[in-house]
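We begin with a single chain expressed as structure tokens, specifically the form predicted alone.
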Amino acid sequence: MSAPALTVTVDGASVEVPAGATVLDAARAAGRWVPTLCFDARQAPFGACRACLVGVEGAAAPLPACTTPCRDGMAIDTEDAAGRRVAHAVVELVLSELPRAPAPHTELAQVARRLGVGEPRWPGETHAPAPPDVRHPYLAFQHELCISCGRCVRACDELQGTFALTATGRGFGANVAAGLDAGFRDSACVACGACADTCPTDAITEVSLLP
């Protein structure tokens, strides 16, 4: 016997969601936008970027929408002021580390526009520009555009089961490598393209799409 549906309120509108649904699921069911960077609906929620913070009645602080489960009667505020301030700062900090603005079509650029994030206020060290890694016949890696969201690694692991990609480094030096950092060609990559499809910045993209 299936668990009964839950009724939650999203920005004042009542919506039914199945048991086990997250706050992000409820927001999307209600047609409300919540910014995300590390989230891909095809992957298990990761909760790393904190761009999806929303207000929940009774909570002392905004909660991550992608990993917070709904409970019956929950009241959700997707435009919570504190949550949006954090989301704005998160995206601004991410942009400040890139040596150039992300292409307008990328998910990161779209989220930044929606949040009203312009030129970062904190100029400083950025990832060093470098020629794209084109050792794979179909995929290119632009390392300086990697924001360590982990989506490519999880796509390779969870969707394809290939485990060709690995998160490397820490802090500002964090990035992603294929195989033993020998490039996609010499890794276990099967050229499925799942990593490029999920990448929110074009750090991994098709060779044919390089500018």
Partner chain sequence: MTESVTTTCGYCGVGCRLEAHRREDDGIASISPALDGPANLGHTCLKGRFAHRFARHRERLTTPLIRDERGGPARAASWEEAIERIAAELGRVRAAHGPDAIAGLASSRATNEDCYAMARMMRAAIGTNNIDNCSRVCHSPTSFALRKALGLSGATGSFSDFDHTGATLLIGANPTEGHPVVGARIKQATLRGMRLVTIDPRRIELADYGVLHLAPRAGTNAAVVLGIAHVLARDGFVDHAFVAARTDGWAAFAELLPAYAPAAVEAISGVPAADLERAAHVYGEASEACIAWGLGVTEHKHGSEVVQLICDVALMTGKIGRPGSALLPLRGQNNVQGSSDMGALPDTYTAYRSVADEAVASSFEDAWGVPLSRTKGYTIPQMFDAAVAGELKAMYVFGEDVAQTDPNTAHVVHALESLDFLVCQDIFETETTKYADVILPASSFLEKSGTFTNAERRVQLVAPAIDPPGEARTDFEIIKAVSRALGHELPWATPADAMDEIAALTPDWAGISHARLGRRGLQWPVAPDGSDAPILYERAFAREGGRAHFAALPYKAPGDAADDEFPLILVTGRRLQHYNAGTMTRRTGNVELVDADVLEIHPDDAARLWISDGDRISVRSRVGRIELPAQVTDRIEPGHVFTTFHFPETRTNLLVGASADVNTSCPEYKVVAVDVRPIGEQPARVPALA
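Numbering follows the first chain given and starts at 1. Only a predicted model underlies this, so the values are computations on that prediction, with no experimental measurement involved.
Beyond what is shown, the protein has a form predicted together with the partner chain; the following relates to that form.
Using a 4.5 angstroms limit between non-hydrogen atoms, L210 is distant from the partner chain in the model of the complex.
Contact check for L139: a heavy atom falls within 4.5 Å of the partner chain in the model of the complex. Using a 4.5 angstroms threshold between heavy atoms, E158 counts as touching the partner chain in the model of the complex. Under a 4.5 angstroms non-hydrogen atom cutoff, the partner chain in the model of the complex lacks A21 among its neighbouring residues.
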